[in-house]
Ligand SMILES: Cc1cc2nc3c(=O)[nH]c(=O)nc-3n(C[C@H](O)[C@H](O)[C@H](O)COP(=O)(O)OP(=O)(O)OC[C@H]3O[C@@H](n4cnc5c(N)ncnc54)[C@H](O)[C@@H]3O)c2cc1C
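This document starts with one chain, in the form predicted alone, laid out as structure tokens.
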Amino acid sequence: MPGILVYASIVCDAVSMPTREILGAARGVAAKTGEPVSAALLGSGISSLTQDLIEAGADSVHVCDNEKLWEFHANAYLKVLADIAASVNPRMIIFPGEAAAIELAPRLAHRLKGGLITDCIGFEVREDAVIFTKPVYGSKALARMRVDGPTALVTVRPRTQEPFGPDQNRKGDVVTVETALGDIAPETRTVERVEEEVFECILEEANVVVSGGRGMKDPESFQQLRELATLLNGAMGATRVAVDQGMVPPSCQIGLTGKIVAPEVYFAVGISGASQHIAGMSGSKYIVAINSDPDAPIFSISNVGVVEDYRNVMPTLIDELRKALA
């Protein structure tokens, strides 16, 4: 029986949250089709993570632990992943929507002559066929697609799927992959490493995000947003305009060309609601918008809207929150 293959990404020596999410999605499909779920684990010194993947939903883990995979080089990873795909013969290969995986997916699709769907946010099984949902036209509409070829390759937007487990009682098979990599020359060379600036917590994983936009006027104004985010154990974000104007670093940017977030609560302060920004936060469960313009588009998607200058709202909001948390 054809199965489902999930590409596992590793962040800070652990299975990434987007990988756990796509394993959850794979288990959801497998529950209706009866297909096995396999995971492809590539890297150096990563063999200890196989059980984590099994507990997160994999029935088997194909692991290639090779020092030549210590650093990501697409051509080397592609060779190993192609070998695993040939062994598993899956009808669907799922990638987390992260930079390295997104670089691999189209290359593997070309090699397998499969169909590629990017930025998927939903899976639906209809008569044994899988229908994929993805945002189009700047997230103003949704498209439902299917792949008619033998293999569908899919990249999945982070924070759109529920992780499976972990279930510590799950058991699975571990398959060692011995791909010869001696003749693979790296296509790229790392000249410098720059650590991303993290202020409160990782933006993509925060349960509360406090974001500011063009209406914030200057960098000092963002200090109030950071203070509110810290009080709520959240993270601070921003629109592309705020980043372009130098009010906050690029690591804060949320939107079509920035990071994708889907927190439990999203504060949109001084944000008009341009489609580019909405594309990066539309998965938020509860949206609070503060804007002095009553016609701002952000109010059309917010659960709570405050029509007021943020400078008249934020100090009171922070003070009351401090009292409540004292």
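Residues carry their position along the shown sequence, with the first being 1. These numbers come from a predicted model, not from an experiment.
Separately, the form predicted together with the named molecule exists; it is not shown, and the next lines address it.
Heavy atoms of every residue among 215, 240 and 291 are located within 4.5 Å of the named molecule in the model of the complex. In the model of the complex, the named molecule lies within 4.5 Å of some heavy atom of residue 257. Among residues of the shown chain, residue 296 is one whose heavy atoms approach the named molecule to within 4.5 Å in the model of the complex. Residue 273 belongs to the set of residues with a heavy atom inside 4.5 Å of the named molecule in the model of the complex. Although the partner is absent here, residue 161 sits far enough away that none of its heavy atoms falls within 4.5 Å of the named molecule in the model of the complex. Heavy atoms within 4.5 Å of the named molecule in the model of the complex are found in exactly one of 22 to 30, 53 to 61, 265 to 273, 38 to 46, that being 265 to 273. Residues of 5 to 30 are not found to place any heavy atom within 4.5 Å of the named molecule in the model of the complex.
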